[in-house]
Ligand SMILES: Cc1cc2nc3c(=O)[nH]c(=O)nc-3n(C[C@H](O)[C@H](O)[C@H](O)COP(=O)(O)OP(=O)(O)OC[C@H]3O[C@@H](n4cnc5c(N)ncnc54)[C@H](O)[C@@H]3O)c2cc1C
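Next comes just one chain, in C-alpha cells: the form predicted alone.
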C-alpha cells in the first residue's frame, strides 16, 4: 500500500475543500429528524448531486463521478473536516446503493439509483421487528406471492428516517414454514402504497428519528422489488450489513474530523497544564488515525481484487467503541460546559449530541455482543457457543 497521494488525488482534495468552503449551509441545518430539517437536508443532498459530490464513487450513468475508493476516502475526509451536514440519504446511498450494484438487476439499478443520488427518493431500512432485533432471523413479516406481485404483511420498528422517507428495504419471510435464515426475500417497499401505515416514534428530545411501519396486504411488483432471488434474502441482507459495519457507512473521515477538533480544543482550553487529559486526547486521536490507516489498507486490498467478509464485524466493534471513547474524552475535557445546549454550548452542542449518538453505536448495525460471536466463530474459528 502506497500512502503517498497522487497529484490527481491532491487536486481532488483541494477541489472538494474549496467547494465545501464556498457552499457550506449557513446557518447550520436543523435536525434531519424534524420535518423542516429533513426538507433542508434533502435540498443539501440535491446541491451535492448537482455539483457532482453526492456519490463520487458511483458510475456517471447513475449520478456519480466514477472515482475509485481511495478517491472516495479523500473526499470523505474533506467532507467531514469541513463540518458539512450529516447525509440524510445515507441508508440508500451507502447501504442499498452498493447492494443494488452487487446484487440488483440492470432494470433496478436504472430505476432506483439515479433518483437516490438526486435525493428525489430517500430510503429507510426495515430490519427490526418487535420480536426480531438483534436476532433478525426470527422476523415474522411475510411476503405471499400472488401472480406478478408480492403481498406483504407485518410490522417493522425502529425505522430510522421512516417518518419522512419514500421507500423502505427489508427482509420478509416468503416461504411458508421456513425457519431462521431460510426462506427470506429482500424486498423494496414504496411507503405510499395502499396498506402502508407509518407511525412516527418520538425520541427523548421529541424529534421523530424513528418510525413503526405497519404493512397490511401491501402489493408490490415482484420482479422490480425483489433484490436477488426469492428465498435468498438472508445472503443479500448480510451483504448490506457488511456495508453498514464496514467502511461504506462509517468512513474514517467522520471520526478523524472530531478527533482533530478535540486536539484543537485541548490545545485551546487546557494545554500542557493537564497532562492526564493530554494522554486521553492523544489516545482518541491515535484511535481515529489507526482506523483511517486500516481503512486505506482495506480499500487497497479491495482495489487489488480482494474482498471483505466477516472482518466487517471487527470493523464495527472498533469504530463503535472508538466513537464512544472519543466523545467521552471530549465531555471530560469540557467539564460542566458539556451539559450546555444551544448557542451557549461549546461548538454549538456538537460534543453532547455526538456523545448521545455514540451511545447507540454498540447497539445498531448488529449489537457488539453479536459481532463478538461472529468474530469468534467466523474469523477466529472458535467453537460455537450454542
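All values derive from a computational prediction rather than experimental measurement. Between two forms, the rigid core is the largest collection of C-alphas that superpose within 1.5 Å. Numbering follows the first chain given and starts at 1.
There is another form of this protein, the form predicted in complex with the named molecule, and it is not shown here; the text below is about that form.
Not one of 99, 218 and 224 is positioned with any heavy atom within 4.5 Å of the named molecule in the model of the complex. Proximity to the named molecule in the model of the complex, taken as heavy atoms within 4.5 Å, picks out 127-135 from the listed stretches 181-189, 127-135, 261-269, 298-306. Looking at residue 157, you'd find a heavy atom of it within 4.5 angstroms of the named molecule in the model of the complex. Though the partner is left out of this view, residue 339 does not reach within 4.5 Å of the named molecule in the model of the complex, counting heavy atoms only. A residue is said to contact a partner when one of its heavy atoms sits within 4.5 Å of a partner heavy atom; residue 10 fails this definition for the named molecule in the model of the complex, lying far away.
Proximity of residue 364 to the named molecule in the model of the complex: non-hydrogen atoms within 4.5 Å are present. Interface residue among 360, 43, 51, 35, judged by heavy atoms within 4.5 Å of the named molecule in the model of the complex: 360. This chain appears without its partner; in the model of the complex, the one residue of 91, 240, 313, 174 with a heavy atom within 4.5 Å of the named molecule is 91. Residues are counted as partner-facing when one of their heavy atoms sits within 4.5 Å of the named molecule in the model of the complex; in 162-183 not one qualifies. A displacement of less than 2 angstroms separates the C-alpha positions of residue 307 between the shown form and the other one, with the rigid core held in common.
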